[in-house]
Ligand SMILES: Cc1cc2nc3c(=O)[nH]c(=O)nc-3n(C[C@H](O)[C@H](O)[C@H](O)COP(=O)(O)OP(=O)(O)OC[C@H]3O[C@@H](n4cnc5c(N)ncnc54)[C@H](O)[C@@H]3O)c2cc1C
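Form predicted on its own, single chain, as structure tokens, below.
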Amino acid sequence: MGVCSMSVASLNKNEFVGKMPDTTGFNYFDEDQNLLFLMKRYLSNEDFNRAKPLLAELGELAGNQLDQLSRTADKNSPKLHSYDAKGNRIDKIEFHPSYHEMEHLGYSKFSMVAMSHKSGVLGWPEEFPYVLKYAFWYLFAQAEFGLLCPMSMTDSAARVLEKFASEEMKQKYLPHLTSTDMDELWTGAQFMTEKQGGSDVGANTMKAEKVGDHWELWGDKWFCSNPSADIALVLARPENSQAGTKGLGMFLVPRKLEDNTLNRYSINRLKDKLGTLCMASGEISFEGAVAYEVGDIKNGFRQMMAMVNSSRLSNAVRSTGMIRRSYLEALEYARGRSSFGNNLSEFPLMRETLFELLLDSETTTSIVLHTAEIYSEADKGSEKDQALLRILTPLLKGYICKRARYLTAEAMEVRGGNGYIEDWVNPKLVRDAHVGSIWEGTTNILALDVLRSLTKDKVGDIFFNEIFVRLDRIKNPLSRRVGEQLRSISGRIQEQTKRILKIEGLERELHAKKLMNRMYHIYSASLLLEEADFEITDQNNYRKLFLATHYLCRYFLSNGFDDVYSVDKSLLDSFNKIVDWEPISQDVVNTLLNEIELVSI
């Protein structure tokens, strides 16, 4: 265990001089008390006991071998070989051996695609519950983000085929997409973006022509991650179809044809990206590529959005993993480094920075795993959970992925000059974090999608009611006091939402991003408060309630003109206990609340 697991008071200051600590050798599961807490909440005792050694094994791997493989692959980007020595078109992408080793760990050893599609994976008797599946993805992402893109698309492609494909297509492709044998595995991709369209998918022009028992695709795709995938789900416009997204069909395009020759599309070049350098993204021209329709030819865009929404949740989980890694790196460095005669973590502003990282890390982890549970219930047919998933998915993707940019940069700054040097993990985290809020919909697109879920799908009442019902279940008196603050805030945001929805025309969109952020915060705060109530009952520990109280102060109660309250001093007094998951007393939170309740909201 690293310095972050120790009390600073137990260490001699001379031990810190000249040290440049990092998290090498950590077990990311053993270090993560919040993940342990959440797994115990969501899983039965039997499932938790079965899952714990698997999570610990992945946590050990992520802090050691996987992290080193990821660093190596990041410095050795894939290369495109368009032709062989005889001038034959081969479009072969060469990956560094470290990338293939990571593929083996992700697809095979830990079966992170297969686990939610079939039983028996890793000895699990049924399909993995989503909350556990995404705990695996969260741990993996702390070491490697880029590979999780093709893994997510393979996972999502299997899900789309399960929902919409013919039985013949399912039987042919699903066993390969969900295989844990690397020799049998086929990876998936989604090719949607075109040069003239970008986020405006309705502007796509790729043509689909019916030829006998199949289709042929003609046109270009501009941003294709995992371009060497064995199968790709592609949007194209059949002849004589209407304009816009309603005229797009979904097609399965195999990389190789039945005679084992390459399908008729060319990888023109690989993208020179800012981040996710280990994973290939490219531009592709389709020159009569053989394709097969998936589902209803008139419903292609809706079917593709099922794949995109699954990927959006995965994106939020992966960004959450990077937030956690950033916090852990910053904490380890600050607690193991001396400056100006003191340990860095003893300085008030450093404690404020570290606490902000901790608070966001725990909150994002809570809400992504909660949403994974909602996902499971939605899959079982719960209409309420389907409505919640409809709004939570863009909320999480829109807020968390954008927030990861800021938090990875803050952690970089904690490390100072070293954090800016590629020898350390921070530049990689910052580079990779930026793509999360771009692919699968930019922040603006996600904010508009949240607005659409409120106007078109009418999920607002279900969303706010979920918060109020959660607050009604709070039992502890101190928790209820915080809950009343949150109830008042949530009620005001609900009324604000109704006023926004009454605005006509484009003016309504001006409010979308701020509304998205506020809705994220009240939902997250309600989850923190629910966890706090459970922790108090189970352990007589007020730590989570301390966090929930601070969360409300940061995002709703402080307006920049308040007096200095004990909320600030409480952070200095309780910092080490909060970080080390030691008990926080009722008196500490009571003092906080007495001060906060003086603030007019």
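This one's a predicted model, so the numbers in the text were calculated from it and none came from an experiment. Just count from 1 along the sequence shown to find any residue number.
The same protein has a further form, the form predicted in complex with the named molecule, not shown here; the description that follows concerns it.
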{"query": "Residue 440, heavy atom within 4.5 angstroms of the named molecule in the predicted complex", "finding": "yes"}
{"query": "Exercise: residue 350 in contact with the named molecule in the predicted complex, heavy atom 4.5 Å", "finding": "no"}
{"query": "Close approach of residue 122 to the named molecule in the predicted complex, 4.5 Å, heavy atom", "finding": "no"}
{"query": "Proximity of residue 193 to the named molecule in the predicted complex, heavy atoms at 4.5 Å", "finding": "yes"}
{"query": "Option touching the named molecule, based on a heavy atom within 4.5 Å in the predicted complex, out of 412, 206, 435, 294", "finding": "435"}
{"query": "Listed residue that, although the named molecule is not shown, lies within 4.5 Å of it in the predicted complex (heavy atoms), from 526, 314, 225, 178", "finding": "225"}
{"query": "Listed range touching the named molecule, judged in the predicted complex by heavy atoms within 4.5 Å, from 198-206, 254-262, 480-488, 425-433", "finding": "198-206"}
{"query": "Residues within 4.5 Å of the named molecule in the predicted complex, restricted to 441-471 and counted by heavy atom", "finding": "441, 442, 444, 445, 448"}
